[in-house]
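Next up is one chain by itself, shown in structure tokens, the form predicted on its own.
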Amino acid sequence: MDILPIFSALRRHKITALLVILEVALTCAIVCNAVFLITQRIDRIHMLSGVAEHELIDIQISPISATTDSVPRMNEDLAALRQIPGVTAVASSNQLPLGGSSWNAGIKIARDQKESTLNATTYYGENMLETLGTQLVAGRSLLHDDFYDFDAVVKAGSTSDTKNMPKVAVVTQAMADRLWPGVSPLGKELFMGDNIPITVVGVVAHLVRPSFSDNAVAEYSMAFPIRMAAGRYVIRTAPENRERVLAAALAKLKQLDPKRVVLKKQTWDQVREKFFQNDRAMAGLLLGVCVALLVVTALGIVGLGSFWVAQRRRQIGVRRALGATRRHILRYFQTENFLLATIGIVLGMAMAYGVNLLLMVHYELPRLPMMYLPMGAVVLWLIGQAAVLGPALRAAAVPPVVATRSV
């Protein structure tokens, strides 16, 4: 079809055509970036945790008044919890993956290094890695003889007594790749605090942090051989036994000491659900924005098409009288809409790239992959053709006699 008559007709309706082009361009720019952000949120929600996700229970308790026998109480609690039928592992920990608050430390790879290479979360607790269900991919896990009591470590740190400080650690593969890319981390030394040397003896495949905003650092985690009597117990059991074991564990802990307050009692699935609730809400909001923009754009095209059909009834009738078929009229309006949408999409792609640059600068988001641009173009083309179909069919139905009635 010769498109010159179409451009000639559009020049007589410049404002209306420009509004449609701008509407399509804005929709393209916003939808491409919004879909990219939705994808980022979904990837974050489904990231690997590195733990036995459906087997873990988290219980936090606190004494009503201060005590001086926290370690004996912890050992008594752990022994009692292990006796519950169905419990496969128990550990006392300082924190839980995706648990919210996080214990972190700056990590260096040289003693004389002034700035930390990275910031990593530090997990404490004997038998912690085994209870969480982490996968060891190199070296060994932490052994009983590696561990020191938390209070002894704090005291040693205040007196610079390295004799009672942890000597080894297990790190994640992501952290090892960041510190020593392409090299085995086993036997390597890292430094933290007052340049305390720690030897890496093991590597786990994945272990997500309790809290993070940047997915790139989500697995910068390490486990230290420190016994932690903080009143937080992680229990591992079969998925179908979690509710029963949770109730039995609470009853057992209350039996051992009724004067304790239960701060939290939850499965790890609930921990994960809570951690990502804002990401799910944001993805839902962005999806709603995309749908609303696409609907508004479609309605705008329908309105434009209906307006132009009403304005061109005589012109359409003349064309029908001169031999144009219904198919010709239908193709005319569809081609006209395709041209407007194409101009809008090209402009929208440039705007989408510009919006992404702003997001990269101000919100540290990654660059928008180019594949989102053609995908957005195809969606807008399809919506445009579907939206103009109704007005185009009405135009094709205009009879040739309209030409003589309008004279």
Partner chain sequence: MFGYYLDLALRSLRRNKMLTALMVVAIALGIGASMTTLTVLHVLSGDPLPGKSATLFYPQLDPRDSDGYVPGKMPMEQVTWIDGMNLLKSKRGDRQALMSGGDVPIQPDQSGMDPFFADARFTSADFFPMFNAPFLYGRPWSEAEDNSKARVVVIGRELNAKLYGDKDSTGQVLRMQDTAFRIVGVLDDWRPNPHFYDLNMGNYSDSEQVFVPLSTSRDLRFEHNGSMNCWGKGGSDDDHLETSTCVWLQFWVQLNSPAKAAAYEEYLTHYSQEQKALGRFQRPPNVRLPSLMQWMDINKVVPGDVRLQAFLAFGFLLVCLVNTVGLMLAKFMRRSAELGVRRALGASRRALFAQLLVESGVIGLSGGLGGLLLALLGLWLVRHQPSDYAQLAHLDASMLLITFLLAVGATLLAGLLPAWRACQITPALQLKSN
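All figures in this text were calculated on a predicted structure; none of them were measured in a lab. Numbering follows the first chain given and starts at 1.
There is also a form predicted in complex with its partner chain; it is not shown, and the following applies to it.
Contact with its partner chain in the predicted complex, judged as any non-hydrogen atom within 4.5 angstroms, is confined among 137-145, 178-186, 279-287, 83-91 to 279-287. Here is the short version: of N215, T335, N164, Q113, the single residue with a heavy atom within 4.5 Å of its partner chain in the predicted complex is Q113.
Within this chain, R327 is remote from the site of its partner chain in the predicted complex, having no heavy atom within 4.5 Å. The closest non-hydrogen atom of T16 lies within 4.5 Å of its partner chain in the predicted complex. Though the partner is left out of this view, V261 does reach within 4.5 Å of its partner chain in the predicted complex, counting heavy atoms only. In the predicted complex, its partner chain sits within 4.5 Å of a heavy atom of P63. Contact here is defined as any heavy atom lying within 4.5 Å of its partner chain in the predicted complex, and by that definition each of L22, R41 and A310 is a contact residue. Contacts between stretch 175-214 and its partner chain, counted in the predicted complex as any heavy atom lying within 4.5 Å, involve G193 alone.
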